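One chain comes next, on its own, written out as structure tokens in the form predicted on its own.
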Amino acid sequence: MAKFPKPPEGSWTAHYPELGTEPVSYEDSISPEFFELEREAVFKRSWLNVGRVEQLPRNGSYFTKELAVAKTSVVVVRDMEGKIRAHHNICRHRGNKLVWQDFPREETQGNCRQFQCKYHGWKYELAGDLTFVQQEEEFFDFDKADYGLIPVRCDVWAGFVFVNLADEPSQSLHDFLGPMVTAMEGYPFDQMTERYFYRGTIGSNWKLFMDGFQEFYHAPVLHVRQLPATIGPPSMAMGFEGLHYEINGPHRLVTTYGGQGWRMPDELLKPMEIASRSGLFGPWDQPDIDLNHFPDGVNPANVAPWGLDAFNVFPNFVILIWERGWYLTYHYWPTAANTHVFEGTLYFVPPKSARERVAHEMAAVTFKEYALQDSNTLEATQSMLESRVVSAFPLNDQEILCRHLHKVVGEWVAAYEREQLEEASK
């Protein structure tokens, strides 16, 4: 796909005329009926990222993922042959959740040689075959070969583990991701194994939070309090713009400066940022890995000074690659038309000193503060959208990715509805 550096008088939206420029309806973010269609049309048909290969370090390692939007749970496992697989997390006897610990709705992880149901003791190989049935002779016309775990399509790209709940996915994972996302391949994700994880339940539609992180128009207003009080309010007049926007299929990219605190004068920084050499935008000092030869997909427009790329992988997964040599992921897991679970995970090269560890922890804590500011605002947005006092809203040129997300979700839902009508008419 062609890449469009923005001319001084140009418009990002003009590069994608199919998006239009008219006000956008947010009915898709408040309608329970639309949410039910999203479950089927989007989340039961897309490739969904559920984790990283580092969560499965050896044969027998497993983790579970709750997918409330699809009304299921999956268990992802590295079987005894080393293959990564996924199964619906349900026993074939009477439907008990197969893998869980003290609380059935909480996710878990561990290592084992087989799965055993807590209810009646049925056992399954990690590859899914049923191997043991308590009092098997009491069942009727029973063959264990007919009652293995229900498989879920599973594939791995660049160490990211994806599942697809469709019986027959319409695309392979690689084809679904497309050239803009797969051009990141070769980035040293596998060396960034120190992990900080946050999860929170947010009182807004999942798309509203995605919108909040795929434009920077809000940054000098919403996050003004993160600046020292002496310069905070005047900064709003400066505005903020992304450097590059790109769309490929259902996926989106925005490139921007990032904070680059190591280039800022002290009066723009807080004392703790100076002391820790870190902040929201990560540690100021690069880790001891080769960062001079990024793959072509990173900073694809070759802008300078470059700070970060935010790859929005449809439907609900974001990878942010930062210039200083770390990355961040977001997941938005819908639970209702007006609620979702947000997950933020920071990944660093493991520290080699106490100073590096402090820098990582400072970045993680600061990220949490920013995320709280965003999520709090989105709950206010949700509450007023539901009033339906206004039915459509103007979006500016920097909000092109917001416009694209709502358009693509609408297209997937419309395609699903057409299929259902065709099936009904047969």
Partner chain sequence: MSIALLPAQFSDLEPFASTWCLASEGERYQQRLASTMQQMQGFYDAMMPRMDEAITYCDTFAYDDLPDDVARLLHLVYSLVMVSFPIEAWKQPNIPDSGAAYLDLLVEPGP
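Positions refer to the first chain, counted from 1. Small disclaimer: the values here were computed from a predicted structure and weren't measured.
Not on display, but discussed next: the form predicted in complex with its partner chain.
**Student:** Is F342 a contact residue for its partner chain in the predicted complex, using a 4.5 Å heavy atom cut-off?
**Tutor:** Contact check for F342: yes, within 4.5 Å of its partner chain in the predicted complex.
**Student:** Answer with yes or no whether C112 is in contact with its partner chain in the predicted complex, where contact means some heavy atom within 4.5 Å.
**Tutor:** No, no contact at 4.5 Å.
**Student:** Would K71 count as touching its partner chain in the predicted complex under a 4.5 Å heavy atom rule?
**Tutor:** Result no; K71 lies far from its partner chain in the predicted complex.
**Student:** Considering only heavy atoms, tell me if F142 and its partner chain come within 4.5 Å of each other in the predicted complex.
**Tutor:** Close contact is absent here: in the predicted complex, F142 is far from its partner chain, nothing within 4.5 Å, heavy atoms only.
**Student:** Looking at its partner chain in the predicted complex, do all three of Y196, A275 and R357 come within 4.5 Å of it through at least one heavy atom?
**Tutor:** Yes: Y196, A275 and R357 each sit within 4.5 Å of its partner chain in the predicted complex.
**Student:** Exactly one of R105, K352, R94, H293 has a non-hydrogen atom within 4.5 Å of its partner chain in the predicted complex; which residue is it?
**Tutor:** If I apply the 4.5 Å criterion carefully, the residue I get is K352.
**Student:** Go through S383, Q373, N396, S31 and name the one with a heavy atom inside 4.5 Å of its partner chain in the predicted complex.
**Tutor:** Only one listed residue qualifies here, and that residue is Q373.
**Student:** Could you tell me which of 264 to 272, 176 to 184, 75 to 83, 153 to 161 sits within 4.5 Å of its partner chain in the predicted complex, going by non-hydrogen atoms?
**Tutor:** Going through the listed ranges, the match is 264 to 272.
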